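To begin, one chain is listed below as structure tokens, in the form predicted on its own.
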């Protein structure tokens, strides 16, 4: 049932993305590179989380689509730049050529840059109130700059080949991954005009889920093959990356991920909202930890 629900929401988002790309296509090589990476598939977990947060507060998911698209654009920019030779130097992403392998390094850099600005354009051109536009724009900037994603990526690169402790790993994972999960829950709740306490609780759910997501990604890099992942495997250890597995070992990393998903479940169980959506959020966290058992 969970997969069917998530696939249904992904389908709604994909249709919205397709419509956006059709309406904004300027037939340039830069647009082609942006569209290539945006449509490369993936779980669409971030826009789906925005939808679920919105529905949890009893508003239709359509209200969250502009916010979800903006966040997915930010996420896609980070993947394009992550894959570049100067950072992770990956050839494949989701089983497809990475943007720089398909279009060249210069175009990939510019496509990533463009997606950041398109994200803000999507929010600005939405029908959200001025107050909500300002709030989401501010949170995107906070979650993705010096207090979020880009800083997390910088710390991740700086930590390569070094000994790091659990607190350092947690900070890197929080900034580079969990911040976008937080942002997704915040954006969905904000467009639904949720109260401060419930918005804060949904953000906390997103934080724990995001930390678990990154931990599981670290584990799967060790335990899965490239065909299963759609990208190179065992690359974290080769590059001396700072991972939860490096600090806690495989068994410890599994327990860490399980504890975080349990915390996410506890948070969302304790707040009032749409019962059906609450069950989906609980099941989503529960299914996530099963990926590495």
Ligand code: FPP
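Source: prediction; values computed, not measured. Residue numbers count along the first chain shown, from 1.
One more form of this protein exists, namely the form predicted together with ligand FPP; it is left out here, but the text below deals with it.
- Flag residue 238 as yes or no: does it have a non-hydrogen atom within 4.5 angstroms of any non-hydrogen atom of ligand FPP in the predicted bound form? The answer is no: residue 238 has no heavy atom within 4.5 Å of ligand FPP.
- Message: Is residue 45 near ligand FPP? Define near as a heavy atom within 4.5 Å, in the predicted bound form.
- Response: Residue-level check for residue 45: yes, a contact with ligand FPP.
- Message: Although the partner isn't part of this model, could you tell me whether residue 177 comes within 4.5 Å of ligand FPP in the predicted bound form, counting any heavy atom of the residue?
- Response: Because a heavy atom of residue 177 falls inside 4.5 Å of ligand FPP in the predicted bound form, the answer is yes.
- Message: I'd like to check something about residue 77: if you look in the predicted bound form, is any of its heavy atoms closer than or equal to 4.5 Å to a heavy atom of ligand FPP?
- Response: Yes, residue 77 lies within 4.5 Å of ligand FPP in the predicted bound form.
- ligand FPP in the predicted bound form: within 4.5 Å of a heavy atom of each of 150, 153 and 214? Looking in the predicted bound form, the three residues 150, 153 and 214 all sit within 4.5 Å of ligand FPP (heavy atoms).
- Query: Of these, 263-271, 245-253, 51-59, 35-43, which stretch puts a heavy atom within 4.5 angstroms of ligand FPP in the predicted bound form?
  - Reply: Comparing against ligand FPP in the predicted bound form, the contact stretch is 35-43.
- Item | Contact residue in the predicted bound form, chosen from 190, 133, 203, 81 - any heavy atom within 4.5 Å of ligand FPP | Of 190, 133, 203, 81, the residue with a heavy atom within 4.5 Å of ligand FPP in the predicted bound form is 81.
- Item | Contact assignment for ligand FPP in the predicted bound form, among 94, 198, 101, 171, heavy atom within 4.5 Å | In short, 94.
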